[in-house]
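Before any questions on binding or motion, here is one chain by itself as structure tokens, the form predicted on its own.
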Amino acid sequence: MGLLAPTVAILLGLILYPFFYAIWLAFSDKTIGNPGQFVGFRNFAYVIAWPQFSAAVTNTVVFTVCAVAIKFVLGMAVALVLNQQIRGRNFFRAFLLLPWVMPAFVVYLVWRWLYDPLAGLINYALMDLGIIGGPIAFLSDRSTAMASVIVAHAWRNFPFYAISFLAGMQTISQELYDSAQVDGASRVQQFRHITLPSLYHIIGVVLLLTTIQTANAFEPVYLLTGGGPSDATMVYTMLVYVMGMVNLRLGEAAAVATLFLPLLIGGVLIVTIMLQRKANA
């Protein structure tokens, strides 16, 4: 029992105490400098009626679903390429990790410059190619802001998908592919009937972890748009930051986070159940 004491203390100190303290904050009117009093469900009623909350729910779902889908497709495509016998394969495998290991602050500031309507490389390239007639304010236009943030986030994080899938592909026996070729199976059929089924468990773990990570992403929105323009990219993490750190209303900020907790748990359960059923099919 004594050997378990340090582990129990760490769990209590680092996980359970902050979790339940955040729950208590959600039911209080605590602000900076004010100890706070119990107010019941008043914070939740106020937050749900706030227009920014509904916008944050929609934006978080859109951001999470689109970003995870893009990262999955890019990661799988790159893993399939790097799993082939190509020249410089080891170099490209190492180079692939560059976006993922770079500090998020640096990555998103670079993307902010790339999106700049006056000095950004993307606008210069598009205009030189004759695709657009004038610069586009990617981060200042409601129609392009969310897509721009998703692209930047997906570029930084898809290497994790690629490396994970590539590691799984390395464990698949080459004899399976050789037998499929003898039977006349095409590359698409080999991918569908050999590669994907062999990666189901890895796909499940990767999607589970990255769905949580993407839904809780803060840096891309904060550094690129700050939640604007006009709340077009206001995800729930940004809303918590505005309420808690800018407006100093900790109780309402904790209420937002608490309201999103069942949504995140539900999303994770859906992903887990779908993948489990697919793996057992």
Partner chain sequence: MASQTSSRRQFLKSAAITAGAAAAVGFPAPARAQRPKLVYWCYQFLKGSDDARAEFAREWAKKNNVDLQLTMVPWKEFMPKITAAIEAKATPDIVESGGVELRARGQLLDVTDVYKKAEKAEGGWIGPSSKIMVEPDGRVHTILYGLQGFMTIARNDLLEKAGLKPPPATWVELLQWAKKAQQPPRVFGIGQAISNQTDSQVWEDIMKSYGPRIADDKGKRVVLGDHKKEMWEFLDYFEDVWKSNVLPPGVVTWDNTMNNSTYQAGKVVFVFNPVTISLWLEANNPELLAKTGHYTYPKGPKGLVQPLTYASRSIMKYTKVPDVAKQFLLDSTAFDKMNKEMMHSQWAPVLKSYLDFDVWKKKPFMKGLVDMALKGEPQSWPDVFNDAWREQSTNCTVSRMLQRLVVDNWSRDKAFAETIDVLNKIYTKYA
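Fair warning: this is a prediction, and the values are worked out from it, not measured in the lab. Positions refer to the first chain, counted from 1.
Here the subject shifts to the form predicted together with its partner chain, a form of this protein not shown in this document.
Between the options 137, 76, 194, 206, the residue in contact with its partner chain in the predicted complex by a heavy atom within 4.5 angstroms is 137. Partner contacts here mean any heavy atom within 4.5 Å of its partner chain in the predicted complex, and among 78 to 86, 158 to 166, 195 to 203, 115 to 123 they occur only in 115 to 123. Shown alone here, residue 27 lies farther than 4.5 Å from its partner chain in the predicted complex, counting heavy atoms only.
Its partner chain in the predicted complex comes within 4.5 Å of no heavy atom belonging to residue 187. The shortest heavy atom separation between residue 44 and its partner chain in the predicted complex exceeds 4.5 Å. With a 4.5 Å cutoff on heavy atoms, residue 52 counts as touching its partner chain in the predicted complex.
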